[in-house]
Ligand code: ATP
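As C-alpha cells, one chain now follows by itself in the form predicted alone.
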C-alpha cells in the first residue's frame, strides 16, 4: 500500500482548488504511471485547463518558471501537524496545450493553449507517460484510493493506450514515433531509460525510429545526455540500459569509446567470461540502485583503455591500458562536463583498479597511502565487481578489505612528525628538497621506523646530511 505523502496530499489540494474554480485538472505523466506500477512517485505534476496567469493568481506562492510553455510551480505550505517537508517541494502545474514545430529538437517554437485534455496528452512522449488521474473522482479518502489498485485504475483517463502498454511492459511513442523523437531528441535516451528501469521492451516501430534517428542525439546538450546516462547507470538496471543503447545504435553515438569494447578478446585464463564488452556489462549488472555516480562511471570506464592497447605477444596483452584509459576517461569527463571533483574520482578509479593485485607485496607505507585514496570504499567496490565479472577470485579484495577495516585512522593518516618549520629551525634552507625530505620521513613514519620528532630529525640528518 502506497502512503499518502505530503507531496501527494499537496497536489490533491491544488487539484481541488482548481476544480472549485471551474477548471479541469488532473495528475499527469510519470506520477500516474508510477502509482499504477505501485511505485511511490518522486514528484507530482498537474495538467489543467486553467491558463498560467490564472494559476499564478490563484495560489499564494507561485513561480513562473516556464510560463511561456504554460508551466507554473505552485508551492504549498505545510498544514498544522504536517511534516515541514510538505512545504519544500513545489508541484508543477501545466496548462493543456498543443505544440508547434520544434526547430531546435528540444522545445517547441510556440505553444497553443487548449481546453482539451486529450489534445494535451497527444503531444507527450510515450503512452505510459500520457495517462491522467482524477484522484478526487470517487470522493473517498485518499488512503482508500491508494490502497485499491482497481479503484486507482478506474480513475485513470487514458487517451493513448498507456494502461494496456503498462500491463504488457511496452515503451511506445505516442502517435508517429519519428515525430515524437524529432520534437525532442533527448526522448531517444529517455525511451532506453524507461525500458531499462521498468524491465519493459521497446515497441518495434518506436525501436525502428530510434535506430533511424540515433544520430540526432548530437543535437542535445552534453549535460542533458550526461544526466540521462548517469540515471541509467544508477537506477539499478545499468546492464539492460547499455544493452538497449547498443541495440538502438545510440551507444556508438554517445560513447563510441565504450562501443569499441565489443569483440575485443581477453586472455581466457583471466577472463573466462568473454570480451571487454561482456566483462563491462557484467560489472554494470552489479551496480545497485542509488550507487554513487562516480562509482558507476568508474565501472563503465575502468577498461576503456583496453581496445586501443590490444595486442597479441604469446598471449593477449593490454600493456599501458590504465594510462591510456585515464587519457580517454579525461576526454569523456571533459566532453560531458563533469565537475572537477567527479572527474578526479572517476579517473582515480580507472587509475588504481589494477593495484589490488600488488597489495600483498606493498610496503606498509605504500599500502597506507593506497588507503588514503578519496572514497576508498568505491575502490573496494569496483575491484570486487571487477573480480566477480571475471574469475570470481576475491583473494586480493579480501586481503585489502580486512587490512583497511582493521587499520585505525591514526595509522593511515598520522600527525606529521616534521614540517618545513622544524626543518628550518634545524638550519635547513627552504627549497625543492624540502618536499623530498618530508615525503621520505613520512614514509619512515608509516613504516614505523621513526615515532618521535627527535627520531625523525635524526633520520633526515642521516640520509640527507646535516644542515648548512
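All figures in this text were calculated on a predicted structure; none of them were measured in a lab. Numbering follows the first chain given and starts at 1.
Although not depicted, the form predicted in complex with the ligand is the subject of the following passage.
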With the ligand left out here, work out from 299-307, 181-189, 239-247, 68-76 which stretch has heavy atoms within 4.5 Å of it in the model of the complex. 181-189
is_contact(residue 194, the ligand) in the model of the complex, heavy atom dist at most 4.5 Å: yes
Is residue 260 close to the ligand in the model of the complex, meaning a heavy atom pair under 4.5 Å apart or at it? no
4.5 Å heavy atom contact, residue 442 to the ligand in the model of the complex: no
Partner contact for residue 275 in the model of the complex: the ligand, 4.5 angstroms, heavy atom: no
Are 45, 123 and 129 jointly within 4.5 Å of the ligand in the model of the complex, each by at least one heavy atom? yes
Suppose contact means any heavy atom within 4.5 Å; which members of 8-32 contact the ligand in the model of the complex? 29, 30
